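The chain that follows stands alone, in the form predicted alone, written as structure tokens.
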């Protein structure tokens, strides 16, 4: 994965939500997951534009599933993590771990005013 494919923070949250969805993630489920884990209010438009961008980058795939009686016959677009998306997440995790390595967390907590 080159530098051009570095994930933004929101892209990473969306990719993680899709990964947790295990092939059954759809826009609203991704939105709920991102909101619950980030504590941020997220618009469905932001989620769908990010899902589309990640799919264009080859990090996600999607399929349209036929609707059922519960959804009034309305189809649903479901997303799944592509191998490149899994690689991107693993590399993002390694970058995070590397950035935190050798940081004295107690000192950081002191600076933040925590005990």
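Residue numbers count along the first chain shown, from 1. Bear in mind that the values here come from a model prediction, so they are computed numbers and not experimental data.
Another form exists, predicted together with a further copy of the same chain; not displayed. Remarks below refer to it.
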| query | finding |
| --- | --- |
| Contact of residue 45 with a further copy of the same chain in the model of the complex (heavy atom, 4.5 Å) | no |
| Touches a further copy of the same chain in the model of the complex: residue 55 (any heavy atom, 4.5 Å) | no |
| 4.5 Å heavy atom contact, residue 25 and a further copy of the same chain in the model of the complex | no |
| Close approach of residue 78 to a further copy of the same chain in the model of the complex, 4.5 Å, heavy atom | no |
| Of 38, 64, 49, 74, the one that lies within 4.5 Å of a further copy of the same chain in the model of the complex (heavy atoms) | 38 |
| Residues of stretch 8-38 in contact with a further copy of the same chain in the model of the complex (4.5 Å, non-hydrogen atom) | 9, 12, 13, 16, 19, 20, 22, 37, 38 |
